[in-house]
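There is one chain below, alone, in structure tokens, taken in the form predicted alone.
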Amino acid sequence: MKKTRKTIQKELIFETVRQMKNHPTAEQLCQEIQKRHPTISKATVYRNLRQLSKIGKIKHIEMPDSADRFDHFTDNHYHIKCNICERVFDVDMPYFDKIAEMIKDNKGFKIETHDLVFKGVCRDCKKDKK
């Protein structure tokens, strides 16, 4: 495995993900970082997000119907996305790692992990609808 070096940009990006705590998109991270450091390019942010998630320092959350998100909390856990405001929240429930054993696979896969994203309407958006 190729060792990634510690850079100022990488630390800045990690700290921004950690401070935002709202499962930001790469674009949201770029905007936040460029407020304080306008010389950091989008390419640098995207490249370092990939590297940070690859080494397990942040969690890359794939969103099938919208921009992927990033999380500073890297333990296995689930997320829920509001269909209206598109915010993403952690789900407070145990991670069900035995699910892989329950899947009947006839294609030869060895399941290593899984991600589930629940969808619904958050408390704030429910209030606004009333």
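Predicted model, so just to flag it, every value in this text is computed and none were measured. Heads up: residue numbers just count along the shown sequence, starting at 1.
Keep in mind that the form predicted in complex with another copy of the chain is not shown, yet the notes after this line are about it.
Judged by heavy atoms within 4.5 Å of another copy of the chain in the predicted complex, the contact stretch among the candidates 50 to 58, 31 to 39, 94 to 102, 69 to 77 is 94 to 102. In the predicted complex, at least one heavy atom of D115 sits within 4.5 Å of another copy of the chain. Put simply, M20 is far from another copy of the chain in the predicted complex: not one heavy atom of it is within 4.5 Å. Another copy of the chain is not drawn, but in the predicted complex it has a heavy atom within 4.5 Å of V121. Contact annotation: F89 falls within 4.5 Å of another copy of the chain in the predicted complex, judged by heavy atom distances. Using a 4.5 Å cut-off on any heavy atom, the residues of 71 to 89 that reach another copy of the chain in the predicted complex are, in sequence order, I80, K81, C82, N83, F89.
Distance between the C-alpha atoms of D105 and K54: longer by at least 3 Å in the predicted complex than in the displayed form.
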